[in-house]
Structure formats: structure tokens, C-alpha cells
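Taking the form predicted on its own, here's one chain by itself in C-alpha cells.
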């Protein structure tokens, strides 16, 4: 290999890529804007939707209850609920989201409460629908409070203190440090995001430097130059790798800046004060405020390198088979699913890192990054993952070089 020729090809491809709008969007615009959009855009929208759903009065249909006027009157007097007229098609109304929830008060419910008999109160709701779920939770809390008041009244009638039904208190105490809590909570999402951005950052430059040049007719000119094929391949490869790593780096910087701005922007807001009070209450009750181990971020960055090399070489070789940019897209686009699936498996609870999974590409990165962000360093697994990832990257790069040396691939009819 001639490094002077490799650098020359690399700089030439870098200059051409910086002039390409699609490459700039995938390499700079997307990773820079995706984190602010996720943290501020999606987060703000979801927060507003939740607030609006919780602030709305719950529409409740009461079925029966003619012999329980006290319970029905108490339900109507509660400002959280709006009782609607009874209808036989209440299930359809709930499914059509015209009402949130319905309660079937059994016959003789109120007299049974006075006599101490056990009754079942069915609640009908739309499972999976946000507003119906909030409604049934509010209605369930209402009847739970009614049950507690009934029990206290019965105990008072018999001269028994209400504390007799609560002889002890259960208190949960977390024993894991904040880094492990944070790593388990969001540690799996960070490598998932990095893997996706690493792949998409390399995808468009790889297609443009192979199929794109074939389509423009510049590939033949480049191959006619007095430069060995391996030098051309390495120059293009380093350009694709640069795009991939730049995408990851910009996404990490954007993530950090967005988090810092979020803390500063929401620091004095009412919502943030409520969040701070909730965190303080959680800490006081034995909970742990989740954190991320900073050293884990460095470890993640180190393990991303061989995976980025694997993606760059693989995408470069696959795109080389295409005769046009559009054909290359049809080859490369389905690979996103292949990349996403192992990353998603790494997010599933119960999937733990072991020697076998340490050899599975992409999945091993997702699992070990989650551990490192939790402050747990399995050096034997880390060495195995880094070594196997480097081996896969070398194999992919050798395959890429071999494809560049095949005339049947370079000049497909």
C-alpha cells in the first residue's frame, strides 16, 4: 500500500462528499438535530399530551346503582368525573372513545357495604388507550378510597383503631449504586442509537463512492489512474469510515449539549421544580437517582471503532455490486433491519452478556455498552468482543478489497 496515494484518494473523495447534499444531511444535519428533536420536540409533545389527558374530566357511565344512591351521588359530586346517561351499548362507546370508562354497580351494593358483605365492582375500559387507562385508574382509586373509608367506619363502630388493618409498613430500599441504576434504565438505548447512526452515517457515502461513481461515469476515470486498486479502495474506505465516526461523534456531542441546555432551560420552571421534588422524595424514600458512568462513555467510544470499520467495509462492498445509486439503495436499505434487530434484542430485559453472545456482532456491543455505562467492566468479555469485532472488520475489509479487484463486479452489464 502507498499511503501517499491513499491520502490523495481520501482527500479527493472527502472533497466530493462535502459537496454532496445527501452526505452532508446524513453525516452532519441528522446527528446534530436528532437529539434536540428527541429531547425537546418529542418530549415536550408527550408531556403536553399526558398533561391534557390527565387534566380532562373523566367521562364515566354508571350501570345500575339505583339502590345505591349514596355511592352514585358521591361519584357525581367528585370533580374528577362526569357521569353520563346509561346506555346499553357502553362497550361500543368505550371502543369508539366517546366515553372513557364504565362502572357496573351491582344490585344491593350499598346495603351490602353496611352489612359487611363482599361485592365485585366491574370496571370497563379500553386497554392500551391512554385516556381510558387514566380514567380507569382514577375510578379504581375512587373505589379503593371508598373501601378504605368503609373499613375505617366499621372499625370505629366496634371501637377498634384503624391502624389494626396496617400492622406494619413495607419499605423498598435500593442497594445498587446510581451508575448501575442509570445504566440499566437508559444504558441500552445509547448504544442502540449509536449503532443506528453509525450505520446510516456510512450508508450514503458508501453508495455514492461506488454506485454513484458508476452512474456518473467517473469510476472508469479513477481506475485508469496509475494507482493500485488497493490504494483506491483504502482511500474510499477511510472516507466512509470518517463519515460514520463523524456522525457518531456529532450525535454524542449533540446529546451532551442538549442535556446541558435542557437542565439550564428547565432549571427554574415549575415542571422542573416538580421533577426535583419528585427526585428528592425518591431519594428520601430509599430510591436512587439514575446516573451514567462517564468512563463507560469512553469505553463505548472505543468499542464503536471496530463496528464502524465493519459497517464501512460491508456497505462499500455491497454498494459496489449495484450499477446505479437507486439500485444500491435497494440493496442497502433492508440491511437497516438486520442491524436494528440485534440492537433491539440487547434492549430486552433478561438478555445478559455471556461468552456466546460476546461473539455475536452488534448484539455484543449493545450488551457490553449497557454494562460499561452501569459501571460494570467485564474485561474478559470486553477483550473477546473487541477482538471478535476487529476480526469481523478485517474480514469485511478484505472482502471489500477483493470485490474491487473483480472486473465482473466493477463493470457489471
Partner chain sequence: MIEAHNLTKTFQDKKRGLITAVDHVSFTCRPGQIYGLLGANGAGKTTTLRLLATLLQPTSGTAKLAGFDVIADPDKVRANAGFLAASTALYGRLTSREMITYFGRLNGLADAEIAVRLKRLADELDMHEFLDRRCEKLSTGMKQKTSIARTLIHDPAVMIFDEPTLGLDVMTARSIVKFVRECRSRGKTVIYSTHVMSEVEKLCDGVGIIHDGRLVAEGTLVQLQARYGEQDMEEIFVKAVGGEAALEAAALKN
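Residue numbers count along the first chain shown, from 1. Between two forms, the rigid core is defined as the largest C-alpha subset superposing within 1.5 Å. Bear in mind that the values here come from a model prediction, so they are computed numbers and not experimental data.
Unshown form predicted together with its partner chain; subsequent notes refer to it.
Of the candidate stretches 149-157, 331-339, 216-224, 111-119, only 216-224 contains residues with a heavy atom within 4.5 Å of its partner chain in the model of the complex. Contact annotation: residue 229 falls within 4.5 Å of its partner chain in the model of the complex, judged by heavy atom distances.
Its partner chain in the model of the complex comes within 4.5 Å of a heavy atom belonging to residue 12. Positional change of residue 125 between the shown form and the other one stays under 2 Å at the C-alpha, relative to the superposed core.
With the core superposed, residue 327 shows a C-alpha displacement of at least 2 Å between the shown form and the other one.
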